[in-house]
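Here's a solo chain for you in structure tokens, the form predicted alone.
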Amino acid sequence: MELALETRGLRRAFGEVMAVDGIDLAVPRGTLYGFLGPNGAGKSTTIKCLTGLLRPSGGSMRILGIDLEKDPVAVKRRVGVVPEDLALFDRLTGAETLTFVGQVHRLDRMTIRSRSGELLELMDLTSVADTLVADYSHGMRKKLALAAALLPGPHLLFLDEPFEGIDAVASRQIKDLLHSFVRRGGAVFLTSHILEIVERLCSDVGVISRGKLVAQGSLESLRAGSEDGKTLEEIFLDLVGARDERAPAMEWLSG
């Protein structure tokens, strides 16, 4: 099995707090991999380490067969990233954003123009291509950020909460695009709190809790190791030890 992403004993500490505690990830090529965990479990910290935004405290990382520590530039040429905060420039237009990304990746002018046009059309952003990003809705910004990540032709996508705050139409467009990307041999590593989407979209998952990887594998293997009929949400709650937690009763809230 050829891996798009592999870590061994990956750790990241912030002072006395071990946010990522010795995790071993294995993401095969051609898969949609959902990385799940409660708030504060270490998901975003892990992505920041994997994309070179944070230096790990220990362990090793290989991205598309390349050691990230030894050749970070080679890795960054081959991956696309959509961070949770999107990291877009408000004073650029949508078209200018894609042009800028293409120039950073040293693509020629004709390639930038061609790919930008295709991506803007695919994301239904052609009509606002010359509009400032500051005037985009949240869903439009999400789609533009994904277009920017795809424009250089990456082999691996990192998506931090790609479906948060977007409508059903934009969500469907993004899901279709990700399936197409994977069918062509790419791999996707995404985080999401929307477990129903992960259950329908992803072929493989990893679950992190308190910085430790508590489960990893195909959805079928996770289901096989649990009681029949359990949803991904129920399996997830069991793994992170939150199955029996309930909201406290507040009689004063009833009318």
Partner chain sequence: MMDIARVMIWLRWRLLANLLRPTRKRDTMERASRAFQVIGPIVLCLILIPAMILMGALGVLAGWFLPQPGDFHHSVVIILRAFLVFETLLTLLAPLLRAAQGSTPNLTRFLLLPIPVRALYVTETLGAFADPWLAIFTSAALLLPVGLALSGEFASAGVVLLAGVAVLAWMAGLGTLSASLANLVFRDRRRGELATFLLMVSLALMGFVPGILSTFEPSRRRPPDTKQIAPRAERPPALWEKRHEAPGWSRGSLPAWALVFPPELYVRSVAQAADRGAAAGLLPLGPLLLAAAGVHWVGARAYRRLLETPERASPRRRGENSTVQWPRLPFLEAPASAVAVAQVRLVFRSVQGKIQFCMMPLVILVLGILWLRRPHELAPQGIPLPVGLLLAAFAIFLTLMTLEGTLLNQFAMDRAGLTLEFLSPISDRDLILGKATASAILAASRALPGMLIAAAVAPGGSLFLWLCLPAAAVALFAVMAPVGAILSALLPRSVDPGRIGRGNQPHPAASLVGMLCNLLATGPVAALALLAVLLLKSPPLALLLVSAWAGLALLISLPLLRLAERLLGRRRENLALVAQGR
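Numbering follows the first chain given and starts at 1. These numbers were taken from a predicted model, which means no experiment stands behind them.
What comes next is about the form predicted together with its partner chain, which is not displayed.
Within this chain, residue 122 is remote from the site of its partner chain in the predicted bound form, having no heavy atom within 4.5 Å. Interface membership of residue 106, defined by any non-hydrogen atom within 4.5 Å of its partner chain in the predicted bound form, is confirmed. When its partner chain is considered in the predicted bound form, residue 99 lines it closely, a heavy atom lying within 4.5 Å.
In the predicted bound form, residue 43 stays away from its partner chain, with no heavy atom inside 4.5 Å.
Against its partner chain in the predicted bound form, the set 54, 88 and 95 is in full contact: each member has a heavy atom within 4.5 Å.
Shown without its partner, the chain has 126, 127, 128, 129, 130, 131, 132, 134, 135, 136, 137, 140 in segment 125 to 147 as residues with a non-hydrogen atom within 4.5 angstroms of its partner chain in the predicted bound form.
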